[in-house]
Structures are given as C-alpha cells and as structure tokens.
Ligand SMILES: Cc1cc2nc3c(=O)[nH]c(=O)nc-3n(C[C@H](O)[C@H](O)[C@H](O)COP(=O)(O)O)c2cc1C
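Quick setup: one chain, the form predicted on its own, written in structure tokens, and binding and motion questions come after.
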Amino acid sequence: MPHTFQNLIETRVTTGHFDATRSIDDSAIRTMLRLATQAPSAFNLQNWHFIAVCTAEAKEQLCTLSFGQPQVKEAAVTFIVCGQLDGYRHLHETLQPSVEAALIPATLQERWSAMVNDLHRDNPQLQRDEAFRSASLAAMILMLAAQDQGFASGALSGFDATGVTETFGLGDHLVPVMLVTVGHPSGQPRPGKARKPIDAVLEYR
C-alpha cells in the first residue's frame, strides 16, 4: 500500500538499532538526498552539505566521535548533515539555473545576491542561524524520504562537533548540524513516544 504523507509522519519513529549486515545502494542514497534538497531555504541559498558515511573505517571514526553510540556503525549509512556558513557568497551562482530556466528574472538574482551578501557578510550569528535552519529542514525531509523507501532512520545531536569537523575535513565554511542514521531496522521497532496535546503547544492570537 503506498504511503500517504500522514502515514509517513505517523509511522516514522527514531530507530536506535539497525541490521549491520544489510546495505543501501548508491541510487537509494542519491534519491534520498535529491528529495532532501527540495527543502526550503532562505532566498534559495541551499546552504547545506551532506557526507554519506558508508565505509567501516569512517563509521568507526564517526562512532568514536559520537561517544560510542552503536547505531552510527550499525546503520547502512550515517549522514553528517552540515550547514554552509558562506552560502551567501555563492548565491548568485546558486540562482543561475533558476534564471536559465526562466523561473526567476536576472534582476531578482542580482537584487537577492546583493541584499543577502550585505546582510550576512559581517554577521556570523546570522550565517550560523541560517545554516542550522536550512540543514535542519533538509534533515527532516531526508528522514521522511528514508521512511518512504522502506528504511528506518534516526537523528543524533550527541557528537563532538570539533572532532567531526577536523576528522572529516569540513573546514571553516561548514558546520556539522546533526547526524542522520539510515538503514534496515533490527527487530521490531518500538512504538513512537506520546506527544503533547495540541492545546498545550498551540495558541491563537
């Protein structure tokens, strides 16, 4: 039975245990990433970057940097989801395909590029905030894309960010936002945890 969007949301749970003997092929990884990059970003910055950690050696390194959490090694692939701090510098180039496809006019490309550069250039807090927003939106779609393909996933924030940056060569322009583990679950997944009632989190003005 095909997934509906509501079904994807309601059946997705965070998985902590994966079948380490089962892999995911490259085409599935690319499909998940293609869908993840459909996420929104301010001014279409697309200021995200993904590292697909698949090899045993890289998984071992990342597991150590994740305080030994075993799912990092057990998952078929663990994505290091990064935000790009200097995305504003490349906005003109990023928007060029949209101009060529007549999706936006060149005048808007010029205006947005100049405005975003002025806003971000001397504002490291805004650069970081925007990078985290974009990467987080993409990570959520990545998990839903994994669910739609029949895989399980989980999001991890417990890792040594400095160590990940140094070990995986992220440089100064990328910040690791979260890890997303994807693979085949081991055993029966646990049911999702109860959520707060809507009245506890919603107010009208």
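When you see a residue number, it is the position in the sequence shown, counting from 1. Note that this is a predicted model, so its numbers are computed, not measured.
Beyond what is shown, the protein has a form predicted in complex with the named molecule; the following relates to that form.
This chain lacks the partner; the member of Q38, T162, S157, T55 within 4.5 angstroms of the named molecule in the predicted complex by a non-hydrogen atom is S157. Among heavy atoms of I24, none comes within 4.5 Å of the named molecule in the predicted complex. In the predicted complex, the named molecule stays beyond 4.5 Å of every heavy atom belonging to A20.
Taking the partner from elsewhere, Q84 is found to have every heavy atom lying beyond 4.5 Å of the named molecule in the predicted complex. Although the partner is absent here, Q69 sits close enough that one of its heavy atoms falls within 4.5 Å of the named molecule in the predicted complex. Taking a 4.5 Å heavy atom cutoff to the named molecule in the predicted complex, the contacting residues in 12 to 29 are R12, V13, T14.
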